[in-house]
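Just the one chain here, laid out as structure tokens, in the form predicted alone.
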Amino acid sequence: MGFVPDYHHIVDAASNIPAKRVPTYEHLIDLRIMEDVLGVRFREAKNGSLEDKRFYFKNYCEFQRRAGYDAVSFEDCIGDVMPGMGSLYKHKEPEIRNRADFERYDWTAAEKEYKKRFYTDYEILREVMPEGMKAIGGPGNGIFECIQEIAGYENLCYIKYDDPELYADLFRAVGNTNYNVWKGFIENFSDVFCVMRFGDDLGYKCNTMISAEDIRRHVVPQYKRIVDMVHAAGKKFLYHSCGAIMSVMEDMIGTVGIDAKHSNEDQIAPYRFWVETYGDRIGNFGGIDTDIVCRGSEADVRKAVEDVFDVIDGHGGAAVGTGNSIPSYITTERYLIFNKAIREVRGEKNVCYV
């Protein structure tokens, strides 16, 4: 018998329980790779008619089933529906620069637009979910990324010193927006998801993007509101953040209450550090630096995978994959080498993708 998905494995990993079969996990996988593996072009269908959307999600889920994932990784991002968004990734001029901009901003619009634009996605995802699978994800973007979408990072730093009260109000207002989006999402779609998550990149190679003190004061309380709601719905919460965030990890575990953490890069700290430092309290997702998948030899990839399985042995729950994502600059061939290595090392025989 070939691979049979079972979402309980990913729930165990997020619960810091060693799963009977170590699950694979990716935060994001480039759609071109999915299309290449299936031999079907479907990415443009997501923004089409209802039938087009069903076609998109059937193929999106089918790829993840064939590739050996127990849960379908999926999110629709809050930042995409915030009025005036675009400063984080599109380098648009900030929508909010001062108090007057803040007072004019429509803080109710994102919640309404999120329901209008994305609820159909979740409804169709429910309809087409393969047997044995559920989704892992939810409303993407955390508080810090959403603030950057409308205020920009550099401008936010100026606001901190020019108007500390506005700086604090931005975190509270965006926190309220995200809370309301998450509240509606949980009320309507918690049955579709086995583990919930958001990504909020608080760090870079050497430190956090804003001070640890500011994270504790302004970000942690907003995270906690959402994570408490996730837990009240009976779900585990996976936290994704890139960068060197060790200065606030105790806050994330002890105050926010995250159940598992994803994202690691060897230049910041080897995966062994995350597992040995935090593995007695939270699940650890990821493990293999994306750079190895991108540029290492097949033998390098295989060794990296084997090393990760050695690291997680006896250290609680874990899901194995890249420490970040499968981006567009990784070839389909290299992705399959990597994916097959994980599946073989965990014990699968005769791995295939049909």
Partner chain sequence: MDFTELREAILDGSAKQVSAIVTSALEKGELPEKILSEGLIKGMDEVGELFSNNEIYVPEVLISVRAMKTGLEILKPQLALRDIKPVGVAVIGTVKDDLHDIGKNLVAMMLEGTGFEVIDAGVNVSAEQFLSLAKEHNAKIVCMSALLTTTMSYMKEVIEAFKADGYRDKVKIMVGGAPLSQKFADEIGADAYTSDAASAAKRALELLNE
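Residue numbers count along the first chain shown, from 1. Note that this is a predicted model, so its numbers are computed, not measured.
Just so you know, the form predicted together with the partner chain exists too; it's not on screen, but the next bit is about it.
When you look in the predicted bound form, the only residue of S190, N176, S211, T255 with a non-hydrogen atom within 4.5 Å of the partner chain is S211. Of the residues given (D52, D291, E62, E306), D291 alone sits with a heavy atom within 4.5 Å of the partner chain in the predicted bound form.
Segments offered: 78-86, 160-168, 92-100, 225-233. Contacting the partner chain in the predicted bound form at heavy atom distances within 4.5 Å is 160-168. Not one of A269, E298 and K349 comes within 4.5 Å of the partner chain in the predicted bound form, counting any heavy atom. Contact check for E154: a non-hydrogen atom falls within 4.5 Å of the partner chain in the predicted bound form. Taking non-hydrogen atoms only, R172 never approaches the partner chain to within 4.5 angstroms in the predicted bound form. In the predicted bound form, at least one heavy atom of N207 sits within 4.5 Å of a heavy atom of the partner chain. Using a 4.5 Å cut-off on any heavy atom, the one residue of 324-354 that reaches the partner chain in the predicted bound form is Y329.
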